[in-house]
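Let's start with one chain on its own, the form predicted alone, as structure tokens.
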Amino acid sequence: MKNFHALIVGGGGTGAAVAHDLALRGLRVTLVERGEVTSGTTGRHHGLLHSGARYAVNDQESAIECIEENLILRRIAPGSFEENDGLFVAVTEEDVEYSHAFIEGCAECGIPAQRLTAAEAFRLEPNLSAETILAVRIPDATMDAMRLPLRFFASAKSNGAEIKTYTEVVGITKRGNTVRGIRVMDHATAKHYEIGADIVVNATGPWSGQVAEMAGVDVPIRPSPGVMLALRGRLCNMVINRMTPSGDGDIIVPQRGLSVVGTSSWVVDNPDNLGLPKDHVQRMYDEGAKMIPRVLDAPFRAAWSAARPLIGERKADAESGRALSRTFKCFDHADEGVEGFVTITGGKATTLRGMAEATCDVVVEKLGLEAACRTRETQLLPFEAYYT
């Protein structure tokens, strides 16, 4: 099967997982990334291994994807996660009312959920607000945003995949209506050249619409930035979530000696031009402090924004992107009359492996191959192996 060459555009977590999956299936694999690997959205998220509980009421498809992949990733990437669990905390009577639908939704999605009294929650997390009425414990975990994808990259390389960083796609080459490769610029040498392939996978997240346009097809993607705030000090040891529908500043994620408060949400046309609205940063302080008051006086470390690749038409939820699903979708652009070109977008950092499996199933079918996915059980190499 090495006679078949798959070319992946995008060196984030999804591209890494696709490279790993296709290399395991025996294809020749090349991946290009315009910067360093994980330098886009992948390297900027808050490092949550989702239990899916956040979506258990209003986006159950995403919730089920998250809990399934949560369990698989713990198995194939041991040592990558701080398996600290999470709490959804209710600090108002409205939060308490929402907790009933929340617990029911978790049960429907197969997400373990344990209701705790305020006293039980305080024993686990003494810094919680004195307004805490109850909490629900769920199997969230934390991870290093870059090290988990590096394990996929390392494993892909060990199976022959070629990873070309600082190599930016500037065009798509076609023969008739069939994509035959890409044109790239090497930022290290300023040289332009072509790379041929039997199939091209667009795994560029919030940039997937821009890359798709080069091939003459459409991907309904809404880049949706969110602001995150890093504070010095570990204000909690578990992931702390607000017991509300998804909203601004509704999560605090412990990361080594920091606490990351997130996130806001709005939509943009260009994922390279996000900005960092000051009022969004202040909102992280204000809303995060409703769960843990010490957020207000913890020393500032950093604030940044990252763009989510949400699937939706441009007219959909133009204000914030909150109502758009966090699920993923694989587009076979043969449906639009363009062969040899597939896009995978949407999803979460937690679902990168599942996104890759769905994509690679499409790839091998299009190439007329019989090669089953093996990533559910194959243990990943350590992240250090990417460099060694």
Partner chain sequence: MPEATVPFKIFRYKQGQNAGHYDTFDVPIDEDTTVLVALQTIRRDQDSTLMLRHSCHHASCGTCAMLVNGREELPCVVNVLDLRSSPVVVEPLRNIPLVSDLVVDMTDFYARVNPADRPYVRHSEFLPWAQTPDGIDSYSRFENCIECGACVSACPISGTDPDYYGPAALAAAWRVVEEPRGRQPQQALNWVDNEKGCWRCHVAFECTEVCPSGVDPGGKIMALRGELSKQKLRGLFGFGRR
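Positions refer to the first chain, counted from 1. Just so it is clear, the model here is predicted, and its values are computed rather than measured.
If you look for the form predicted together with the partner chain, you will not find it shown, but the lines that follow are about it.
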{"item": "Segment that reaches the partner chain in the predicted bound form - one of 197-205, 122-130, 92-100, 107-115, heavy atoms within 4.5 Å", "value": "122-130"}
{"item": "In the predicted bound form, Asn237 touching the partner chain (heavy atom, 4.5 Å)", "value": "yes"}
{"item": "Partner proximity in the predicted bound form: Gly26 to the partner chain, non-hydrogen atom cutoff 4.5 Å", "value": "no"}
{"item": "Residue contact check: Gly233 to the partner chain in the predicted bound form, 4.5 Å heavy atom", "value": "yes"}
{"item": "Proximity of Tyr285 to the partner chain in the predicted bound form, heavy atoms at 4.5 Å", "value": "no"}
{"item": "The partner chain in the predicted bound form: contacted by all of Glu61, Glu68 and Pro293, heavy atom 4.5 Å", "value": "no"}
{"item": "Among the candidates His187, Lys174, Arg183, Lys164, the residue which, in the predicted bound form, approaches the partner chain to within 4.5 Å (heavy atoms)", "value": "His187"}
{"item": "Heavy atom within 4.5 Å of the partner chain in the predicted bound form - the one residue of His280, Arg242, Arg308, Arg137 that qualifies", "value": "Arg137"}
{"item": "Within 4.5 Å of the partner chain in the predicted bound form: residues from 373-388 (heavy atom criterion)", "value": "Phe383, Glu384, Tyr387, Thr388"}
